[in-house]
Every structure is written in structure tokens, then in C-alpha cells.
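Just the one chain here, the form predicted on its own, laid out as C-alpha cells.
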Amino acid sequence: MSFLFGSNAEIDIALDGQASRKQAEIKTEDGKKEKLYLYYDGESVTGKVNITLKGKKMEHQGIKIEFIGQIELYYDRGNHHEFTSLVKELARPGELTQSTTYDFDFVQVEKPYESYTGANVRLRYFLRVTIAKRLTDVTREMDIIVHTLSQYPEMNNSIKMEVGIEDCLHIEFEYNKSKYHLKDVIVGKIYFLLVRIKIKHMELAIIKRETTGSGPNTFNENETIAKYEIMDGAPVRGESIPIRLFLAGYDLTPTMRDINKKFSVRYYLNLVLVDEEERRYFKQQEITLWRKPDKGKKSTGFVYHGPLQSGPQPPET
């Protein structure tokens, strides 16, 4: 990655081992996908900064490289909230008379949160090289992507709930567990104990709720990630409907709770019944999503955040 400023020099940031380093995709602000080099919490970030002179010499007021983790709230773009900021001085003020390469190493860097681009917020990690000049500093940035790995304890309780309308409808639904890794399968059943209204169809949706801000400045953005039709037609009393929903095909992230007190990302299973008069009946349950380590990759640990809470009812989508 290079940047040409004036006709003086060209900057290139090269990561150690980047030819063999795994890449991962992340959404950009305009909804497209880009591939970046993938790192994990506690992993060192090392490499070289190459400065190639295009003229005979270049004066500068110092050269440095930073490793930064920051959160950008789209409604408050003037303020970037940095939660990680490390600096390495590459050169003191002086004059470059030939092309130069500087090594850098940020050893066992703490990267506590997963990279994320959402509707109202972005969490990013990047390297920034700055050549201080008398008039205007020249900078070059290179983004990386960070995945957080979790290892859940053995306890992963199933979800059992009842929903009903007095003397009209009584159903029970059960999901095999409450915590799922991103390539897991949601398995469950729905039991009809009482059916006195004409149900036309039933669907299960995965709802992603992104929450930013706090207090009166809280913004909630709901997105339907997936819809799965469970049943088409009228059920009868005593009928049981199986559920099997594969998560691997959907664009999901781990659950994020109160990240740096700036935002949260939560996921809900939303059961929707529609009767013949197009009335809709909802029942919602929060689930926890987590990223499972690849084979041979150790988890960085998981902090349990307490019992799950049912969220507010999502809007119809």
C-alpha cells in the first residue's frame, strides 16, 4: 500500500508474513465488501515502513507509526473514540537523503473488540504512518481486521417458552440451546396445544439490533438477517413442527454487549404467526452468537455477561 505526496517520496507499509496471512471480509460504509489481513487479540503486529525518495532529499520533523483501535459513530463523526493507541518513533527530525526502510513491532497487542461496520457505527483497527512536515503532516493508513474468539462453558441451556391468546391459541416452542457459534445450526420444535384461530403461515426470523448512544440519544437499528418459513397452512391441535436453521450462510457477527460504552449488537429469534385476517403474532427471544476458533487456533477466552434478557418487540419487517 503506497501513497505519493508531491514528488518527494513514496510510503509503503508491509506486514511481516502477509503473503501467508489469512484475510477476512468486512463491509465498508457503502455496503461493499473488502478483504483485510486478519489478526487476533494478543497477536503481535510487525512489519516494515518503506520510504522511497523521488528527489535528492526530504526534510521532516520526525517519522512515527501508530497502531490505533477506534470507534466512529456516524452521527458524531467529528469525534473518534480511541480505545487502543500505541506509538513507535521511526526517525527523529532530520533529513532523508536516500530511500529508507524502518522496522516496526507492536508486541502482543491487546485487541479487545471485534472489527465491525454497522448502520450507525464502525469499529476499526489501523496502522498510521505520519511524516511530520513544517506546513502539513503527511499520513498513510492501513486497516486490518480483528476477530474475537470465544470458548463457551459446557452449560448452554435450551430455550423453552409458551405463548398464547386466551381460549384461542396456545403453543410451546423449544430451541436446543441459547448460545450459537456463527456456523451453528438452530434446532427446535413448535408444539400446538390449542388452535382456535386460523393460522395461515408461520416464520422464524433472525433480527439484528444495533444500539448506539445512551439515554435520550439512543439509536436502535433493526435488520432482518434471515427469514425461514416454518409452516404454510393451518396447524391442528397436537401437531409438532420441527425447526432447522443453518447460520453459516448469513452475514452474522458475534454478539457485542456495551462495547466501550458506545454500542451493542444483539441478535433475536423472532417467531411470527400470521392468521387469515393478516393479523401477526410475535414472540421473541434473545440468543448469543460467538465466534468459534478454527481448528488449531486457541480461544482468547470468554467473559460471561449474565443471563439473557428478552428485548423489546421489533418492528414488522
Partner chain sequence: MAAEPDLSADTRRLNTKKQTLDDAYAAPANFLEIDVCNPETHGFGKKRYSDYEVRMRTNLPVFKLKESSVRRRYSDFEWLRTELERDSKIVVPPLPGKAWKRQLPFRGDDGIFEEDFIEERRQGLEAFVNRVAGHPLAQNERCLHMFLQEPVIDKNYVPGKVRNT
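Residue numbers count along the first chain shown, from 1. Only a predicted model underlies this, so the values are computations on that prediction, with no experimental measurement involved.
One more form of this protein should be noted, the form predicted in complex with the partner chain, which is absent from this view; the next part is about it.
Q: Quick one: from 239, 103, 232, 110, grab the residue that has a heavy atom within 4.5 Å of the partner chain in the predicted bound form.
A: Here the answer is residue option 239.
Q: Would you mind picking the one in 198, 227, 92, 80 that has a heavy atom within 4.5 Å of the partner chain in the predicted bound form?
A: When the partner chain is considered in the predicted bound form, the option within 4.5 Å is 198.
Q: Look at the stretches 262 to 270, 54 to 62, 39 to 47, 246 to 254 and give the one with heavy atoms within 4.5 Å of the partner chain in the predicted bound form.
A: Result of the contact check: 246 to 254.
Q: Quick check: do 118, 122 and 141 each get a heavy atom within 4.5 Å of the partner chain in the predicted bound form?
A: Per the other structure, none of 118, 122 and 141 touch the partner chain.
Q: Does residue 176 reach the partner chain in the predicted bound form if we count a contact as any heavy atom within 4.5 Å?
A: Yes, residue 176 sits close enough to the partner chain in the predicted bound form that at least one of its heavy atoms falls within 4.5 Å.
Q: Decide whether residue 292 counts as a contact residue for the partner chain in the predicted bound form under a heavy atom distance cut-off of 4.5 Å.
A: Yes.
Q: In the predicted bound form, is there a heavy atom of the partner chain that lies within 4.5 Å of any heavy atom of residue 191, even though the partner is absent here?
A: Output for residue 191 is yes: heavy atoms within 4.5 Å of the partner chain.
Q: Could you confirm whether residue 33 comes within 4.5 Å of the partner chain in the predicted bound form, counting heavy atoms only?
A: Yes.
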